[in-house]
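In the C-alpha cells that follow, the same protein chain appears in two forms, which are kept apart as structure 1 and structure 2.
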Structure 1
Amino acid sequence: MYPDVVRDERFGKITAEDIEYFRSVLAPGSVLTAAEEDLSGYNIDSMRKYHGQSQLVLKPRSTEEVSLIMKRCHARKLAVVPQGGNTGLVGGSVPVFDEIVISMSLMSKVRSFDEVSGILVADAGCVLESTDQYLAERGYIFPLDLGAKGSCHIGGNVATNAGGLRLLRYGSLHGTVLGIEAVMPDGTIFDSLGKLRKDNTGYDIKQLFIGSEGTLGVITGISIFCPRRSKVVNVAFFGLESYEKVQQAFVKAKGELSEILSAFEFMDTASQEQVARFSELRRPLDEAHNFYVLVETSGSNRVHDEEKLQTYLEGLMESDIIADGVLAQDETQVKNLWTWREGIPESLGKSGGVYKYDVSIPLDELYQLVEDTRVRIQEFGHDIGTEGSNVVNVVGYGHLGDGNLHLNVAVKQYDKQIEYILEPWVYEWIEKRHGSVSAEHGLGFAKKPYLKYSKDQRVIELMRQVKKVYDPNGIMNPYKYI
C-alpha cells in the first residue's frame, strides 16, 4: 500500500498467546481477529483513502481494560492505533501495517454532569452528537460542533484538537477541556480528570494530549466545560464587493454583535456559482457579488438579538460595506442560508476530484492565497473553468472569524502535474506568512511531510523529545507525523 514506508522491525508480531491473553482479560466479543471477522471497517478510513492491515481489533470496556492491553503491548513491543469514530481526514486513525486497533466504541458512558457548573465527565468513546443531545436536554451545549458529529467520538475530537463551527464563540479545546484520563504506552494510567476551571499546580501535561493524534497514549475519558445552550439563533446573509469590505463587516460584527456573534463565514463568488450549479434552491440575493458572508448570532433574548442584528445590517448598508442582504425569517430559512456555505464541498466534489487545503493565515492576507493560486495555475498554462481545461474551479471560503481558509481546486480528474503546480508551493506560501498547513484536520499520516512548513525546527525537536520520553518504544500510533 505504501511503497515508501517500511514496517518497524522493533515491533513484535502478534502471537496466539497474545490473543489468548487479550481474551482472558477482556469481555466476550471484545477481541476481533482477521481470521474470524472482516476488519476492513477498522483498517480503512471513512474516505476510503488509507488502508491498514491490522489482524486484531480490541474493544475495551473500561480504563482498567485499556491499561491491561497496554501493559501487554508494552512488554511485547506490540504497536497500537487508538481509534474513535474513524472520521479523521488525514489517515491518523487507521493502522499502516499490522498495528493492533484499540477501538473505543464500547466506552461510551457519561460519567457525571454537574448542572450547576456545566462540567461534563465522559468516556472517550461517547459520540459527539449524542453527547450534545444529552446536554441539550439539560439546557447545555457541547462547546464543539462539526460535520462528522453523528459518528465521531469526543475522545477522538480531543485527540485531534478538532476546531469546527463553534470555536469563534466558545474557543478551542485547549481552553474548554478541563481534564483528561489516558493510558500511557506502558499501561500506567494518567489520571488528570479534574473538574476544575482553575488549577495552577505545575505543567499542564494534559494539554499535550490535545492534538497528539494518538501518539502519546490512549485517551479514555475527558472532562469538559460546557456553556449554557442559547435560546435564540438568527442568521443573516449578505453580498460584498471586496475582501476589504468582508474584513470591515467582521470588525463591525465583533463590535456590535460581540457577545451574541456565533459564526462569521465567508464565501467567494466562484464557490457560490458552484453551489448554484447543483442546487435547486433560489439564490438568497438577486444580484451577483464578489463575496458573500453568513453571520449567525446565538443569544438568550429574541427581541434583543433581532434588534442588534437589524441595527448591524442597517449600519453596514449605510456605510456602503454591504451591497445587499437578507435575514432568515424562520428555521427553514436559517437552514437554507447555511446550505450556501455547507453545500460547497459537496458541489465541488461533483466535478471530479478536489485538491483541498485547510489552512490558517493571518486575516489580512487570507484571501490572497486564492488569487495567487489562480494566477499560478494560469501561468502554468491551465485555463480555469473553460471546456477544454482540466481545472474546473478555484474557490475560497471558510471560518473568517478563526482565520481559517478552505482553498479548494476542483478538477475533472486528478493529475500529478496539477499537484506539482500546487505543492509544495501552497505550503511554502503559507510558511512565508507564518500560517498553518493544517488548521483543523491535524497531520496524521497524510500531512507528515508538511510539518516543517508550520513548525520551527527547534519546536519539532521539543515535540520529538516529549514523544521519546513518554513512548520510548514508539508503539503508540507509529508511522504517523511523529
Structure 2
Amino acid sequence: MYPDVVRDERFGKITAEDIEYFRSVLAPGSVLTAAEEDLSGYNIDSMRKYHGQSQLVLKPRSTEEVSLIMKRCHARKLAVVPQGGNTGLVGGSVPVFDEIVISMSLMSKVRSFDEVSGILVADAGCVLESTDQYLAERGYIFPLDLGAKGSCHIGGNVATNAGGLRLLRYGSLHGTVLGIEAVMPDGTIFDSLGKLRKDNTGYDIKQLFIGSEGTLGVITGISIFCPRRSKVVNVAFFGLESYEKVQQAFVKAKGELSEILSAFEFMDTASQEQVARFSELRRPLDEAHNFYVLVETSGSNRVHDEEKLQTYLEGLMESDIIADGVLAQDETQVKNLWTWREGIPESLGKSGGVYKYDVSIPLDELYQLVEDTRVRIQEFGHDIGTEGSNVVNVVGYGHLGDGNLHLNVAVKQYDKQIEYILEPWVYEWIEKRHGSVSAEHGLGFAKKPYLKYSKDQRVIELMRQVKKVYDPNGIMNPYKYI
C-alpha cells in the first residue's frame, strides 16, 4: 500500500511505559491499543486505499491533554498522526507504519459564539454538520459546505484548507478563519484564538496551519467568522450542449446574480448518468444534455431574488445558451436538485474503485482535461462507459466559480495499469497549464511525488525549512508530502 517507503528508524517504538504514561494523563477509555481493540477504522483511509499499522490510538478531551501527549512523543521521538473525521481522499489522515493516532473525536465542544459579530470559537473535533446546525438555530451559517459534512471535523477542514460547494460566496478558510489554537510538536500550546477580523501586527502565523495537514502541529481549536444565514434560497438546474456555453452561463451569472450568487456547480452527462443508476429520483430534465449546471442564490428578499433568477434563466434561453431548465419550487425540490450534484461521489464509489483528481485549472481549459483523459484511456485499449470488464468511466464535475475540477476515473477495481496510464500524465498535463495538483483535500501521501508539478523547487525548500523549525524531530504526520 505504501511502495518505496521505509520506516524511519529515528522514530522511537512504543513501550509499555509509554502506554502507562498515556493512561495516567488521559481519561479512562481514551487509550486504545491494538492488543485490546480493533483499530482498523483508524488505520484505513476513506478510499480504503491506504492501510496503516498503528498499534495505539489516543483520544484526548482537552488541549492540555494533547500537550501532555506531545511532550512525551517529542521526548521519545514517537511519530504521530492527528486524525479528525478521516474523510480525506489522499491518505493524509492515516498512519503509514506504527505512528500514534491522535483522534480529535472527543474534543467536540462549541466554546463560544458571539451573535453580534458572528464569531464562533470551537474545538477542532466538532463535526461540520452539527456545528452548522448549532449556528442555524441562531440565524448563522458555517462558511463551508462539503459532501462529507456529516462526519468530517472542522479542525480537519482547516488542516486541509477544504473549499467545498460555496467558496464562491464565502471565500476560502484562509479568509474566514480568524484564529487557531494548536499544540506544537514539543507540547507547547500555540494560542492564537483571536476574534478580530482586522489584525495587522506582523506575520500571520496561523495561516501556516491552514492547509498544513497535521505536519506542523495538532490543531485543537479555531475561531471563525460565520455569516448570517440567508432567509431565501433558490436553486435552478439546467442543461447545456457545450462547455463553452457553461462558461457563458457563468459569466452571465456573475453579472446578473452577483450579490446573491452562492454556488455555480457544473456536471457532465457521464456524472448524471452515474447518479441516475443508483438513485430513485426522477431526473430533473426530460431530455439528456452534454452538460448540466446547478445555480444557487441566497438572499433576504424572496420576490427580489426569484425575479432576478427568473430573468437570468429567461436571458439564457433567449440567447440559446441553455437548452432546458427547471427552478425549484420548494425546499424538497431544492434538496432533490442538490442530490444530482452531491450524489456523484457516492454513486461512483458503488461501481468499484475510483481514481480521484481534485485539481485547479484555468477555466478555459478546465474540461479539456476530462476529454483528453478519455482519449488517453482509449489509446491504452480500454472502453469508455459503465458496462463491461474492460470499461472505464471518466467523469468531470466541479466548482466552476473557483476553477476546481473533480476528475474521477471509475474502475471495477483498482488496477496498477490504470494508475500507470493516469499518473504522472494527469499532473504533467496540469503543470503545462500552470494549474494546481490539489485544489482541495491537500496532498497527503497520494500526491507526495507530484508537488513538484505545482510548486517551484525553491518554494518546496522553503516549506521544508518551515517544517524543520516547527518540527525538528519530524514526528508530525511523517512520510507525507513534507
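Structure 1 provides the reference sequence; residues are numbered from 1 along it. Keep in mind it's a predicted model, so treat the numbers as computed, not measured. C-alpha atoms forming the largest set that superposes within 1.5 Å between two forms make up the rigid core.
S.K.: I want to make sure I have the labels right. Is the form predicted in complex with a further copy of the same chain structure 1, or is it structure 2?
M.R.: Here the form predicted in complex with a further copy of the same chain corresponds to structure 1.
S.K.: For Asp145, state whether the C-alpha moves by 2 Å or more between structure 1 and structure 2 after rigid core superposition.
M.R.: No, the C-alpha moves less than 2 Å.
S.K.: Align both forms on the core first, then report whether Thr339 has a C-alpha shift of 2 Å or more between structure 1 and structure 2.
M.R.: Shift of 2 Å or more: yes.
S.K.: Examine Lys206 after superposing the rigid core and state whether its CA is displaced by 2 Å or more between structure 1 and structure 2.
M.R.: No, the C-alpha moves less than 2 Å.
S.K.: Quick one: how many Å does the C-alpha of Ile418 shift between structure 1 and structure 2 once the rigid core is superposed?
M.R.: Taking the core as reference, the C-alpha of Ile418 is shifted 4.1 Å.
S.K.: If the core is used for the superposition, what shift in Å does the C-alpha of Thr269 show between structure 1 and structure 2?
M.R.: The shift comes out to 3.9 Å.
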